[in-house]
Every structure is written in structure tokens, then in C-alpha cells.
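In C-alpha cells, the next block holds one chain alone, the form predicted on its own.
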């Protein structure tokens, strides 16, 4: 038992850089997809058809396509149209677009769940469109937005493991490299799984605290 523990501890320095890459990719994707997804959600809810139509088409295609296909499409097809991206930015672009499509739908649903009377009330007191979003719609929609969005964040963390398919060393690829040298797959995979679990468990705890924070908002 002590030998196994010492072996696992000894592999931590090799997994550390991969873990940092996993956290970096997840953080970038979550922030970018949140910002872009909110814009897409607002467009779905309020924009004219000529803007929502291409957004709707792109969103449906991305949400209906496996993430692996999106990654390989961007990584291998973009060079044919003159965009030669390195593996890391290509993967960040693919995962961000994929998650933006999902976050946009989550934001649209949360915004459209707010009664139209709230918007009318904002207009009645002279609020501009950005002010109505900021002071009337978003504070009420956030409670409905948070639970599915946190699920989307945990999916982004798990989806980041696919970056190893384009040759970038993340936690999973670092684990596989260690296994290739030690021929001890079970403890390494269990350690990698434990790291992913800790990350997603922290996100779940954060989700519950945020939901409690906004529980004062009544339906």
C-alpha cells in the first residue's frame, strides 16, 4: 500500500503541467463561451430574423454535431481556406464555438422565461434597452440560467480532455505518457479521475452557493 502511495505521489510532478493545461483551456473556454453565449441568447430573444436566422443555423449545426467532429473539422479543414491555426488555438476555437451554441440556448431560455410585463414596465419608466436588460431582465433570469450553465461548465472541463487528440499535453495525455513509462495504468487513471472529480465537485459546490445567493429572487 505504501509503495503504491509513494508511486502515485512520485507521478504528481509529471501530471502537474497537464493539469495546468486542463485548467487553462477550461477557463478560457468557459469565459469566452459565457460572453459570446450571452450575446447569442440576447440576439435569439430580441434581434431581427435576418440576424437570428444565421445564428440559429450555426447553433443548430454545432449542437447537433459531436464535439470530436467539430474539433477535427476546425483543425483539419481551416488550413484549406487559408487559416493555419496551431493545435492549441484551434482546439480553443472549436470548444468555445461548441459551448457558445449551448450557452446561447441556455441564455435564450432564461431570458424568454421572464414575463413580457417586466419589459413593458421597464419601458414605462423610461429605461433604455441595455438598462432593461441590466436592471430588469438579467437579475431575474440569472436564477434560471445558473443551474444549466454550471452543467455546461463541467461539460467543458470534461471536453477539454479531447485536446490530447491534437497533440497538446493536458492531464489525460500526461497520464498516458506516465503510463507509457511505468506500465501502471490503474493508479494513474484513478489519480487523473480524482483530479477531474475535484475540479467538477468544486464547480458543483460553487453552483449550489450561487443558486442560494440568488434564491431571494421569486418566480
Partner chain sequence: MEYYLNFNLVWRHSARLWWGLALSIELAAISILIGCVIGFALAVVYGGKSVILRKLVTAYVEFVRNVPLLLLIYLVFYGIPSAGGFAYGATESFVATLSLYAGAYLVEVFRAGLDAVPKGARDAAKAIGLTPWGQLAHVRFPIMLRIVLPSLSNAFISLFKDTSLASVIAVPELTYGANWIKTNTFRAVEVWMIVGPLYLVTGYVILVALRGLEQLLIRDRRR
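Numbering follows the first chain given and starts at 1. For clarity, every value in this text was computed on a predicted model and none was experimentally measured.
There is also a form predicted together with its partner chain; it is not shown, and the following applies to it.
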{"query": "Exercise: residue 192 in contact with its partner chain in the predicted complex, heavy atom 4.5 Å", "finding": "yes"}
{"query": "Proximity of residue 31 to its partner chain in the predicted complex, heavy atoms at 4.5 Å", "finding": "no"}
{"query": "Close approach of residue 158 to its partner chain in the predicted complex, 4.5 Å, heavy atom", "finding": "yes"}
{"query": "Close approach of residue 72 to its partner chain in the predicted complex, 4.5 Å, heavy atom", "finding": "yes"}
{"query": "Position in contact with its partner chain when the complex is considered in the predicted complex, options 51, 39, 68, 27, heavy atoms within 4.5 Å", "finding": "68"}
{"query": "Stretch 168 to 187 - residues with a heavy atom within 4.5 Å of its partner chain in the predicted complex", "finding": "172, 176, 185, 186"}
